[in-house]
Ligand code: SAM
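For reference, the chain that follows is the form predicted alone, supplied as structure tokens.
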């Protein structure tokens, strides 16, 4: 039997987790904010790991990033200016920049070391996005950027929150509360769309439900959707919201009609059939979402269980 140090173990809850064989360590460093590791894991391929949590992997990063980006961009219809909060690998920016209408992408990430590691070791993720003249990369705090953009009267067509999960004492939990969503809403132009990753639907659906409720307390139209991510060993969730555009109008037929005209190149995951599956939640999930009434605020935030 191989020694334990040849295996990467990730705990999901105090009583459960999953493991992958660690074939090669490519990079390991520490930034002021987190532990950064790039490793080759079987069967996931190359993977970015932050503070012991897989962020994305070669096997299926395209599933996560297409799922996060494409529904919101298509729902808007003709996004020209897009804000990305987080997304250090550059893959979220890659997907946004594939949309023909996009003129500017502002990407705000707090950790320069993650970006530098991604530029060097994860070219399959960003595919040159960091060098695209339409990308304005800002090293800084996403919450502070949104607050300053609101004061300046800036406007975006789509805001994408590709953030770490809300953990107690972590840097991201303040971006999962009503006060943040209210501020984010102020920088959306007419017809604007907001989307965020919204944690696991399998291990702690109540966290997703609270995030959804919180966003629904700010925006008129809200929808949850999910996709299975093998590298997370999990059904992962997202929340999409808008005051002007109802996600219920984004039918598979509309997705099929929009994709060829809006997006450069072929998707590897997202298409009309994938869209229909993503937005069809199982009954148990719908029941829990209907029962959960809590809303996250700065005084009473939501945290994922660790």
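Positions refer to the first chain, counted from 1. On a predicted model such as this, the values are computed, not experimentally measured, just so you know.
This next part talks about the form predicted in complex with this ligand, which is not shown.
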| item | value |
| --- | --- |
| Partner-contacting position among 165, 147, 204, 233 - heavy atom within 4.5 Å of this ligand in the predicted bound form | 165 |
| Candidate from 74, 222, 102, 108 lying within 4.5 Å of this ligand in the predicted bound form - any heavy atom | 108 |
| Exercise: residue 270 in contact with this ligand in the predicted bound form, heavy atom 4.5 Å | no |
| Residue contact check: residue 44 to this ligand in the predicted bound form, 4.5 Å heavy atom | no |
| Contact of residue 179 with this ligand in the predicted bound form (heavy atom, 4.5 Å) | no |
| Exercise: residue 141 in contact with this ligand in the predicted bound form, heavy atom 4.5 Å | yes |
| Stretch from 74-82, 167-175, 147-155, 213-221 whose residues place a heavy atom within 4.5 Å of this ligand in the predicted bound form | 167-175 |
| Residues in 69-100 with any heavy atom within 4.5 Å of this ligand in the predicted bound form | 86, 87, 88, 89 |
